[in-house]
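Consider the single chain below, provided in structure tokens and representing the form predicted alone.
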């Protein structure tokens, strides 16, 4: 007999069912709150991160803007070089922003609108006429005084993850690009709520037909969620999160907000360590121009890159990229977005991709390092890498490129793979850096010799010695005779130093100006010892150098180490007539929305009276005519209107030249990192690079104007005494009026006696 309510096995009837129901109920009671909490967390993350999304925007670094005016020294080829650096394209008419037309020495160009620290510069069409190496006319609906081009983007300062982007607003994006993206990535974007089931089905059919994955089913919203919040791993959990977050995003934000975020976030390529995000930067990176200026064939290529930036990389895989672009054009025609004629014309274009991306951090690495040094004084690293600051610098692209060409060409001719070089070019007026090269490969971001290579400077130091002497006009003038005779000095430890002239010759007595112009060593040492080491050191400091300690007599011949940038500081004080100002590479810093944070105005102090500086510069100009710099005539013509000084160290380990015109100063160093011999003197090495640079750039001739109180006097060469024009072996040299030579030459005395006798005879008659 069976007991009621029990099974044959003695278990209560329906026990498993009740337990299952209880288990499900308990599970639901646990899962639902967890799911609710997780959903709330996802919603909170979506809303807070999307609304507060603040991309870490790198600082944008710009070159100086080219300002054009009538009478400006600028050859047509250098204007075209500047325009190409800016990404201007040559088109018939030159009437669209960012275009130009050249007809011989006449240009028509249309500038781009640009926000400068001092206000907005509007776009305008300008006609420019040249006469030789100068702008002869400047017109824009009539004659104008000045036009300022937008500055070239020369680099960026990136955050640690090296993402880079240029933010664009939805209304700034060409409609054709948006239509192409929707046609390729999400046809139902304006109909679905985050997930498109018809898109998934369409992709499934296309993939089955092709036998491989040719189309994705993710909406633009899902792609944005994945890029914004999730990883790219292919797991079910990630896809579920993506779908839920896409629904939440669509429920909270407008289609326009989602689309704008997508346009700025999507990954479109890799430039070394720099990740290219967003179409604003991609336009610059691939085509060297703003997104708004792109043509249909270029927009189609960008739209096609979304599917696989690496696979369709137009620089590495041009054939694939072209096929992908043409496919995009076909899709646009099939969907009625583009007419057949326009699409066919677009297919006829090449890819039009520039050789390398514009604005990367490897374009002018030496100059960028100087900019970062400058900015570190006022800004934290996170400010420079995340706030989207706009840095306005002093770099002149055409001067930089001409300097690179000159250095590269000469190094190739000398065929020494270990020979390195550095170049610094300054604007004389304000000490701004126009160009900077840190090594034989201008694109290499390694050891920056312009800033960090501290090398012996040799005879480049000599102007400091002569300036210290000429500050004492009662004792020294340009015609003062110096002894070019053997000399030996014993140090406190018993070592004997016996300097020699470079050519080993002795000349007895030489005029002071000639000793500097021809860089004689023995007269220089004697002069420095007469003036005193303390006075020479003081002069060096006022020129902008740090005084070496201890200072041995060999310092007088350049046995001191300085970088090319420090040498440029010294010579800038000379070139500016005795005014010292710090070398600068940055002029202003703005926020991303146009608010000026910092300005770096020119700060000048007078370091020397104008008279002694003028006398030194007179001798440095003589050095270019009949001294150590005379070979510059091979490039610049006879008696070039420049001044400069060569420098050569022992065993030709370092080759230097520093020289300047009225408005530009350049310092060139050549040497080896292992300090080995180069076989190049300052004249045969660095001067050749300097001369090629000056032959290719636009500069104003040096016109030395005597300051008040300085006048030319006739000086007898052999004695250094005051003479007259009719006397033999005389030269006209500038002197401080109050301090002529203390005695007259025999010729002048004889002339004086004859004149007085003539006056006596006339009186008797």
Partner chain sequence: MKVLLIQTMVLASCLAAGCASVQPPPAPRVADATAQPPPVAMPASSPTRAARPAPLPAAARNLASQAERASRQGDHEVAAAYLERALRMAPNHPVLWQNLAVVRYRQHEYAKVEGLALKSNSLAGADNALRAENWRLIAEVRRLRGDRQGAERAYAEYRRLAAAARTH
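It should be emphasised that the depicted structure is a prediction, and the values quoted were computed from it without experimental measurement. Positions refer to the first chain, counted from 1.
Not pictured, yet referred to below: the form predicted in complex with its partner chain.
Every member of the trio 579, 587 and 705 reaches its partner chain in the predicted bound form with some non-hydrogen atom inside 4.5 Å. Contact between residue 163 and its partner chain in the predicted bound form is not found at the 4.5 Å heavy atom cutoff. Looking at residue 60, you'd find every heavy atom of it more than 4.5 angstroms from its partner chain in the predicted bound form. Put simply, residue 118 is close to its partner chain in the predicted bound form: some heavy atom of it is within 4.5 Å. Using a 4.5 angstroms threshold between heavy atoms, residue 730 counts as touching its partner chain in the predicted bound form. Note on the interface: of 299-307, 614-622, 496-504, 542-550, the segment with non-hydrogen atoms within 4.5 angstroms of its partner chain in the predicted bound form is 614-622. Checking 345, 251, 603, 167 for any heavy atom within 4.5 Å of its partner chain in the predicted bound form turns up a single hit: 603. The partner is absent here, but in the predicted bound form a heavy atom of 146, alone among 146, 489, 529, 592, sits within 4.5 Å of its partner chain. Although its partner chain is not shown here, in the predicted bound form the stretch 302-332 places no heavy atom of any residue within 4.5 Å of it.
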